[in-house]
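Given next, in structure tokens, is a single chain: the form predicted alone.
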């Protein structure tokens, strides 16, 4: 298929581009380096140096004889995106092109405005570009499990059947996001649902949990093809932060009580999920929502896992609770459904001790590049 990836330079975008190209698809990527620029502005650069997008594509081509077409451009500019969609005429668009950091979105007005304007404009522009140039194209949109928040009832896959005063109907599952970034993803879903039901677009919205891992079949060929690995408080996940802290000899920083539970998945499983969604597209006029994770962990459980495996590697890992810089429940019910992708054929990679050990060994190679100043929280949800 002709596949257009928005945000093709990102932690997920670049591995997705390589994976789909390796499977025989015609892959086009577009990115404006927003994440790289914000990382530089906030002293949150990735641990492992990564070539720019054009160089990445050239390295990949030299190793595989496969081509990834690259465009450097801003999809929040409608003319840019419209021209790209008109040129590519994609059968599938994978939409990763959003500012992905919750902490960054909570820093102040300028950062919140940039997050809001970029994320909503990217989605709105894509909707209109597809309606104008590729109305039968299937949009695979990256959502987030963070849209749901932590309700005191089971979380369904996007939709909820309601009975009220003797009548029944089906609605989008109520959502209570915990940051401005996550709120923009809620607004994305509402936008998509309006245009799907009004104009008959076909959309799969993947509600993804935090992703971990560096290894993919393609990146294992050459370390210059590795995805962006951030360990800071702006772009780094709890998993990444703990891995780097263990290697650097810094106590693992558990926010608050550490009872926060989220759904996680391996990077290799993200690639599987996107491909499965592509192979079984949503119907015309359907907003299909799939919860994209394979297992749930509390922050404490993650810390225990990294500490145990790190100690087995001789790292002498310590754990330390610190004040929670975020506004979130630290002890809550969490039972989200996630059967849709399994039914499509997902074969999960679980976070075993061996997986954690391999990630730690990868980080150890770059130990000298760790900057401990990036690890501790620099952003607070409320002053």
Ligand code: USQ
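Numbering follows the first chain given and starts at 1. Quantities reported herein were computed from a predicted structural model and do not represent experimental measurements.
This next part talks about the form predicted together with the ligand, which is not shown.
*Asks:* Contact check in the predicted bound form: 48, 227 and 367 versus the ligand, with a cutoff of 4.5 Å between any heavy atoms. Do all three pass?
*Replies:* No: none of 48, 227 and 367 comes within 4.5 Å of the ligand in the predicted bound form.
*Asks:* Which one, 268, 241, 175, 202, lies within 4.5 Å of the ligand in the predicted bound form by heavy atoms?
*Replies:* Answer to the contact question: 241.
*Asks:* State the residue from 125, 237, 272, 219 whose non-hydrogen atoms include one within 4.5 Å of the ligand in the predicted bound form.
*Replies:* Only one listed residue qualifies here, and that residue is 237.
*Asks:* Sort through 305-313, 84-92, 280-288, 143-151 and report the only stretch with a non-hydrogen atom within 4.5 Å of the ligand in the predicted bound form.
*Replies:* Careful reading of the contacts points to 143-151.
*Asks:* If we define contact as a non-hydrogen atom of the residue within 4.5 angstroms of the partner, is residue 184 a contact of the ligand in the predicted bound form?
*Replies:* Judged by the heavy-atom cut-off of 4.5 Å, residue 184 is well away from the ligand in the predicted bound form.
*Asks:* Can you tell me if residue 338 lies within 4.5 angstroms of the ligand in the predicted bound form, counting non-hydrogen atoms only?
*Replies:* Because no heavy atom of residue 338 falls inside 4.5 Å of the ligand in the predicted bound form, the answer is no.
*Asks:* Can any non-hydrogen atom of residue 294 be found within 4.5 angstroms of the ligand in the predicted bound form?
*Replies:* Residue-level check for residue 294: no, no contact with the ligand.
*Asks:* Are any of the heavy atoms in residue 105 no more than 4.5 Å from a heavy atom of the ligand in the predicted bound form?
*Replies:* No, no contact at 4.5 Å.
*Asks:* If you look in the predicted bound form, which residues in 283-301 sit within 4.5 Å of the ligand (heavy atoms)?
*Replies:* Residue within 4.5 Å: 299 only.
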